[in-house]
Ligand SMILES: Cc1cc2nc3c(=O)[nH]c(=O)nc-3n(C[C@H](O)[C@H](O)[C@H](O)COP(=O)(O)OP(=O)(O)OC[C@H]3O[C@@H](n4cnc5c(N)ncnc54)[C@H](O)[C@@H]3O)c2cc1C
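In structure tokens, the next block holds one chain alone, the form predicted on its own.
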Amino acid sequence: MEYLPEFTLHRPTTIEDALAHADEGGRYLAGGTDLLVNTRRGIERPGAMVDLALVGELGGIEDTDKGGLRLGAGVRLEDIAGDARLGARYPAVAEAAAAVAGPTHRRAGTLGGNLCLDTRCLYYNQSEWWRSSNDFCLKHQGTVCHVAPKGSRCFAAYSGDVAPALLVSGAEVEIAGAEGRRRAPLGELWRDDGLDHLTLASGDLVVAVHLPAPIADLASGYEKARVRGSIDFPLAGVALSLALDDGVIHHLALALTGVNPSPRLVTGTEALIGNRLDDEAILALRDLARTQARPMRTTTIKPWYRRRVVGALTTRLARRLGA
């Protein structure tokens, strides 16, 4: 890696000041575990950074008057993993935050940063000299996707851990921008494009995530596979929320990460509502996950293996929660 280039650092204390500096071309900086690494690799070249550490509105985990929780985008992943309310009501979210990288990363990384994590690829997340020797790639400076050279689309994978857990929990995202504040279903934050995976307009800032009150008897969890037991991004990750009534499914949501250019809720799970959570239902859920996972050659691990891992994680998680 190279030294950081020179840039102007802004340290606003309000959302409004942060937005103003972003309008002037600044990049938002929270924990920096993604942005600073990419800057040292020459992937990002910001002339200015907007440090969000002093913006108080971005902090805190607060109960809402409707029985849910508001998670500020600046909350550290370490705090999400250790929050008793999340552990009791939304265990998938706590488990996902605890699964991110290593302890030092979780102490620095934030919720908003993890949600807005750049997509990753073996041919992209490299040093400047490595990428230049390979004629760069479609995602940055080049014209060809080395994963799918005959096409014109980027297949870099989204690898955030917390997103799928929030998706199966029915979360909404709060965004501030030039047009004011807005809330939307969390899934609308991403598009299925490795080159341009966020739907945020220039200068938009993720302010908070809102979790609804959990339904009765809800169980949830998160499982991931990675090369090493810490530090690594997921080769595949699965979040599941499940509610049973005497062994019969009356709520089911499944989401994936690490195997597509965006995190995604698996479709078709509604067909299993009203069925017993038996081996047949679990295998049907496994097949839905496998079918909708689209891993490409973005890591050193073969795509076919990652697709099978998605199925295995889904099966294991369904049996754990069903028990």
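Residue numbers run from 1 along the displayed sequence. The structure displayed is predicted, hence computed values, not measured ones.
Form predicted together with the named molecule: not shown, discussed below.
Of the heavy atoms in Ala88, none are within 4.5 Å of the named molecule in the model of the complex. Mapping the unseen interface onto this chain, Leu52 counts among the residues with a heavy atom inside 4.5 Å of the named molecule in the model of the complex.
By the criterion of a heavy atom within 4.5 Å, Gly59 is excluded from the residues contacting the named molecule in the model of the complex. Among residues of the shown chain, Ala101 is one whose heavy atoms approach the named molecule to within 4.5 Å in the model of the complex.
Taking Leu211, Ala243, Ala81, Cys116 one by one, only a single residue has any non-hydrogen atom within 4.5 Å of the named molecule in the model of the complex, and it is Cys116. With the partner removed from view, the residue among Ala48, Leu265, Val37, Ala271 that has a non-hydrogen atom within 4.5 Å of the named molecule in the model of the complex turns out to be Val37. Looking at the named molecule in the model of the complex, residues Gly68, Leu186 and Ile249 place no heavy atom within 4.5 Å of it. Residues are counted as partner-facing when one of their heavy atoms sits within 4.5 Å of the named molecule in the model of the complex; in 149 to 182 these are Ser159, Gly160, Asp161, in sequence order.
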